[in-house]
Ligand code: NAD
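Single chain ahead, written as structure tokens, the form predicted alone.
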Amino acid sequence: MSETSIATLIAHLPSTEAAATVLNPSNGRKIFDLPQLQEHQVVAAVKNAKTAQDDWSQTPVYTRERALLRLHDILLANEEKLLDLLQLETGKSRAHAFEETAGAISAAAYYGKISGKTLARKRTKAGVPLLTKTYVDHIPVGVVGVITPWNYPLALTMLDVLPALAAGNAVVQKADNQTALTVLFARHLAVEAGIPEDAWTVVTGDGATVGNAIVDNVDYVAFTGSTETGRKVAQRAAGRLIGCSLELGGKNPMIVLEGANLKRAAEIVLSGAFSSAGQLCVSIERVYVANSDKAKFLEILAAKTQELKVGKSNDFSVDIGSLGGYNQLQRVSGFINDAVAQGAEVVAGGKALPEIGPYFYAPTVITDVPETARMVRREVFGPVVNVEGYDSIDEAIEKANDSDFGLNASVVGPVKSAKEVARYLHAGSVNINEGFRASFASMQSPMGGTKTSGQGRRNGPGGLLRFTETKVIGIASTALRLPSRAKDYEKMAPLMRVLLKVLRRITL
């Protein structure tokens, strides 16, 4: 992207003296300097968004739908530019950038089609048939604060921002410094599609300063990030009695059933564990395989992992790209070094690849990791998978569930048996004969976590309705009236008793 194009996108941000230098993870070179906003500038952005939301909420929902469908077409037309930006800012491979753009474009089409029907007034069963009627409306909450991480800036933006806008809200979004250009370009295309400029505002800056200012001033918060930060967001939102949805960390398990095709299982691990260099909340980090199959499985998986091509290229010739930056490299290396020092065995990878670029790390298969190693309980968030054995399926399920996290899980093997195992796994999504894509790619299916992996769900009709408040409209008959005095109740009591018995039989 040219300096002129970058300057045009950054012009959306308020001017400020403070700036952060953003580096290209693939080569460590400077891309640009990004303005770092102060608290008062975020407060002003939210205030401006409230004004814009008044008008946007009065726009008919079918008009909002049409804007999202236009955005779908514009995103598709600009796919190559989006891919280039994603690779520039994240260092991920072209293939994994493509997966992300596909998800983002799908979100525009989905909410461009279902918003009107989902938000339409719906009649509910009356408490007193003939005498009353009731309806439910879904009204926008106001200004939604969206806090987006660096690893999937385009997809996570669209999965939160678009339904918020479709519901009639305005959005103030904190983009991570590392991937702000992708978010700003997405917003630019949305404005081109018909979204009012002030209905979607992007802010950048220090996480605590800007993030806290958003939570303290908006009407709802959609946060994606670490469990540690998610707790702070939830506490802050609760203090103001505003709603929030949180998509947090994962330590996602895969169970390979005894008798499964081990070659096929290993291929599933490659995509499930190493997509975007493992920097994905639903990425598989733990694999449990029958002890009778473990040695053979490790041999197959190690060979397939070593075949993966790690590098940097703006075409589809590379399997795995770079980690997101220095902190990520230190994090992943630290987990592996700690495990190896305690006796774990690396059967593939396990090392940085500075000859390719400053933050590249080889996709890694590790086994015999002791319980005391830090990576056993904590999210690695890198291209690392730990393989363990089990003697019985009950033991495998117990091991898979032995985690504070509960975001995603996977079962590989015959579908009937896998479906039975899936019933007992504690996770917001369970994929059978896939790592995460079967569930993650379904826009109609709610996505989120249990335990410390978050609260609330994105995607599906619920992903839209979370950005609304429900309003019940009750209408009393003018021909017949409800009782208002004690004598009226006395006269109506026998009839009401009969009616309650009837309702018991006909009410679902």
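Don't overthink the numbering: it's just position in the shown sequence, from 1. Keep in mind that this is a model prediction, so the values were computed, not measured.
The next section is about a form of this same protein that is not shown, the form predicted together with the named molecule.
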Exactly one of Phe274, Phe223, Tyr111, Trp200 has a non-hydrogen atom within 4.5 Å of the named molecule in the predicted bound form; which residue is it? Phe223
Contact assignment for the named molecule in the predicted bound form, among Val430, Leu248, Val172, Ala104, heavy atom within 4.5 Å: Leu248
Non-hydrogen atom contact Gly207 with the named molecule in the predicted bound form at 4.5 angstroms: yes
Quick one: is Gln87 in contact with the named molecule in the predicted bound form, heavy atoms, 4.5 Å cut-off? no
Do Ala49 and the named molecule share at least one heavy atom pair within 4.5 Å in the predicted bound form? no
Non-hydrogen atom contact Pro149 with the named molecule in the predicted bound form at 4.5 angstroms: yes
Contact stretch among 336-344, 150-158, 358-366, 121-129 - heavy atom within 4.5 Å of the named molecule in the predicted bound form: 150-158
Is the named molecule in the predicted bound form close enough to Tyr288, Arg437 and Ser439 that every residue in that trio has a heavy atom within 4.5 angstroms of it? no
In the predicted bound form, which residues of 228-244 put a heavy atom within 4.5 Å of the named molecule? Thr229, Lys232, Val233
